[in-house]
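Form predicted on its own, single chain, as structure tokens, below.
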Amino acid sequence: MVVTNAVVCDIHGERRVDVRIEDGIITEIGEGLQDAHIIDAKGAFLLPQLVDTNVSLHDDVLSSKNIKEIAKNALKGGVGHIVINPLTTPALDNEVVIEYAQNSLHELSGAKVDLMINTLKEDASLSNIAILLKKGAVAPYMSTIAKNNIAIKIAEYVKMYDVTLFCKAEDNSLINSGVMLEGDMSSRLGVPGIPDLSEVLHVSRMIEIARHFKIRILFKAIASPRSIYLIDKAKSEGVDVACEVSIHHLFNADSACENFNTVAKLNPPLACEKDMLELRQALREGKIDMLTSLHQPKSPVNKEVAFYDAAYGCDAIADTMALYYTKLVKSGLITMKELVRLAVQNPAAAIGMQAGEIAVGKTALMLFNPHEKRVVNNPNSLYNHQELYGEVTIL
């Protein structure tokens, strides 16, 4: 088939050309291409499918059903490749569970699904990283609850296998005592808070480990502007670190937790209004390296309870491209070219892949019509009843 009248956009920018696609692969790009099957895009964007490396399964339960569901829902949001978080039940921290999960990836009819491994077992001891990476996991994940001796061993494995360490910066003694950001809103609600130092302290610590061992670290779902400042400064000094921020933390403050709204109870917790705006400014200035939907779907039985007891997370994956476009591109915060870099090229590079370019031989494309609009109807979404722009058609 040939796609005509599309705005082709990738990491190189926007252009008007025809694209021939055969069996999902681009075979020709030019002008005036002819074919028996022509799709008139009518000015819609032709884009690479998104890559999201921070996606959780429903209720964090590792099952074939949940993997198939997430693969199907991801494509609805224009996400063609996801990496599942390893904090599942059972946890992705041993050979048996990895093999079980890998078997569930066969013949999926949706987005491509990859796995990251938890480098820490439940008792905070080291998992068998070498074997788990050889089994096909694309990245090791580490929470900074790991003690220094364990973190250093993990860094040595990361250097040995030349992979990116996915790092969640958090302090075990602080996160266990709180349920949202410590501040005016937590005080008003009368719930224990988590200080942003929980993240900032450990970002600083892991930057020094990255500097010493010369390894790559991607800090997952950063919520503090101070953390971004530290990461950006380290990058300017030649340290190979990067930061990921979720769409939620760019457009929702801790005030969303008003009236004990459990949908806004996220991990990491939403920042205050001032910090949210600073995160947005950091995005404008190019200090954020990649975006995530931070999809953490939870059942009503785990959400419709007291705020303190509610599970962390909200639904987002099926609305990802529309959210990115409406909140980021249509608002003028970033360009579509920049979105492709933040949501395709950089996340793919973090797992050792190349993506983000529309060229002969490339796959995983979508049409995105920015003129279509709809109202979100999902009580488990932070954007319920909001109007979003954009409709995804997978090619």
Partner chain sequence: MRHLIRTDDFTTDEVKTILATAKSYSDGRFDRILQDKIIITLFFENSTRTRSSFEIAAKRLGAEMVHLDVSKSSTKKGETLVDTAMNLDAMGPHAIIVRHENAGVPKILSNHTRASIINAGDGAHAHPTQALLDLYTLTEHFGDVKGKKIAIVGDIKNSRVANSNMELLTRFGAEVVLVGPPQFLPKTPLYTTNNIRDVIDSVDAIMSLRTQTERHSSQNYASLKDYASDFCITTEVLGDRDVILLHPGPVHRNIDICDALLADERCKVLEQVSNGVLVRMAVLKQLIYGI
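Positions refer to the first chain, counted from 1. Nothing here was measured: the structure is a model prediction, and the numbers come from that model.
The discussion below concerns the form predicted together with its partner chain, not included here.
Participant: Please check if D184 has a heavy atom lying within 4.5 Å of any heavy atom of its partner chain in the predicted bound form.
Facilitator: Within the cut-off, so yes.
Participant: Using a 4.5 Å heavy atom cut-off, state whether V191 contacts its partner chain in the predicted bound form.
Facilitator: Close contact exists here: in the predicted bound form, V191 approaches its partner chain to within 4.5 Å, heavy atoms only.
Participant: Within 4.5 Å, heavy atoms only: does Y308 come near its partner chain in the predicted bound form?
Facilitator: Residue-level check for Y308: yes, a contact with its partner chain.
Participant: Can you tell me if S177 lies within 4.5 angstroms of its partner chain in the predicted bound form, counting non-hydrogen atoms only?
Facilitator: Although its partner chain is absent here, S177 would touch it in the predicted bound form, with heavy atoms inside 4.5 Å.
Participant: So which of A124, M160, A130, V301 reaches within 4.5 angstroms of its partner chain in the predicted bound form, heavy atom to heavy atom?
Facilitator: Selected residue: V301.
Participant: Could you tell me which one of N259, S236, N149, T89 places a heavy atom within 4.5 Å of its partner chain in the predicted bound form?
Facilitator: Only one listed residue qualifies here, and that residue is N259.
Participant: Given a 4.5 Å cut-off on heavy atoms, tell me which of 308-316, 103-111, 209-217, 279-287 is the interface stretch with its partner chain in the predicted bound form.
Facilitator: The contacting stretch here is 308-316.
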